[in-house]
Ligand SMILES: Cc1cc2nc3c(=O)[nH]c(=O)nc-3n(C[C@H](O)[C@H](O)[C@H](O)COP(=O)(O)OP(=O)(O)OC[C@H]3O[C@@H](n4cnc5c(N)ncnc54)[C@H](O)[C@@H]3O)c2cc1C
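Okay, here we've got a single chain as structure tokens, the form predicted alone, with questions on binding and movement later.
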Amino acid sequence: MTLYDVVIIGAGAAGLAAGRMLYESGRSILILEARNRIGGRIHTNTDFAAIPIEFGAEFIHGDHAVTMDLVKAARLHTIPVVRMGNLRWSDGKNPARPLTRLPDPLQKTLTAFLQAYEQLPQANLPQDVSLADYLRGGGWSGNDLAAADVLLAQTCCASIENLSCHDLIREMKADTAGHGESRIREGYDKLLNWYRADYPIEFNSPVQEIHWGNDRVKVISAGHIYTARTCIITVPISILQNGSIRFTPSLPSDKQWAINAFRMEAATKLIYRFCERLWDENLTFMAHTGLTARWWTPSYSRGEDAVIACYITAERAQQIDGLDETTALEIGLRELSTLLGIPLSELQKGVLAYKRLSWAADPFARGGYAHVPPGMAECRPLLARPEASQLFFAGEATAYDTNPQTVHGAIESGGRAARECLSRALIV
């Protein structure tokens, strides 16, 4: 039986990053991946349109994110995308307009709570509160909070009532990635295929058990037993929460508390391809408080297929997921008609293809990405803490010293876990 230095569970961004660092350090490693592909919640599709379409993670969040360095090293290319700076907002009855063309009261309100959010790190909050309560303290309520939920909380795959300010402050203070955003022109899959090293990956291998605590770790997957000195676990928090992986002995009580403290909500995309672009070429982001609340243009600055997508999370995504696909896509098209100011019949005639992507329905994701409720901000470093120099934890939920809910946060967490593994584990 092969004795590996490290078995890594999960071939998403975190697992690949950990694997590459360990492999380049001369360690013998094996990655076990439940799916039949690498990437995890990164999933690039090349059949829907002439351009790569991201069914999962889509953007590089930050001009200085580690992902940008990898893109350059891989000799790939980025397309800068300004979203919030080009925001178009609709009241749900009229077409979406840039902030500068909205009625003065609405323009001032949106601008003011966005500024209040940016000032969150300077807020005096001795007790953790929800983002909703923080904004209520500034005088916002009702429709204002509904708009803030779309523009701020939906980004975090959360409800504004259930998002920890202390966790948001920690992230803002730790952020070194910056605020610019980009897409990878060739698709995220091209980056990951370049990034993975020549180490073995066993696909279609979901893990059922991890035995640890002695001088070896035994990982059981589909009847196979893999033995290693250490193990890095990179699966989504939802997989740890639902008991899909059984630990023997059980994880410490504070680790289990950290796992259970997180929340992971649904995340869904509705993607449409049209025979021609029916919106102006500068459209990058528009939003409203309807069911299909947030829209952007994957075909922006590509000059090929005309593709527009809705991305929603939390309760909105649950509602869309609860409908049959045709009805869900019809609702999206109807609301898009209002946002663009184009008759529904014209949109319907122009549609060539459409698709719904529900990450809550993916058995190996069970949602979008993890967020932290008020009062639970210490769960990230606790989740990331190694156990007995044998079990190491990575993935976007563990990214307490960078940006969680991002690809670069997942990559950095994989690098952190690999360094911890190298420095603390008895690997020979």
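Residues carry their position along the shown sequence, with the first being 1. Remember, it's a predicted structure, so these values are computed and weren't measured experimentally.
Absent from the display: the form predicted together with this ligand. The rest refers to it.
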Heavy atom within 4.5 Å of this ligand in the predicted bound form, from candidates 110, 245, 169, 333, belongs to 245
Mark residue 35 yes when one of its heavy atoms lies within 4.5 Å of a heavy atom of this ligand in the predicted bound form, and no otherwise.
yes
**Asked** Is there a non-hydrogen atom of residue 19 within 4.5 angstroms of a non-hydrogen atom of this ligand in the predicted bound form?
**Response** no
- [ ] Classify residue 269 as contacting or not contacting this ligand in the predicted bound form by the rule of any non-hydrogen atom within 4.5 angstroms, answering yes or no.
- [x] yes
Task: Partner proximity in the predicted bound form: residue 295 to this ligand, non-hydrogen atom cutoff 4.5 Å - done: no
Here the chain appears without its partner; judged in the predicted bound form, the stretch of 161-169, 317-325, 200-208, 338-346 with heavy atoms within 4.5 Å of this ligand is 200-208
Do all of 149, 285 and 288 end up near this ligand in the predicted bound form, with near meaning a heavy atom within 4.5 Å?
-> no
Looking in the predicted bound form, the residues of 42-65 with a heavy atom no more than 4.5 Å from this ligand, listed in order, are 42, 55, 56, 57, 58, 59, 61
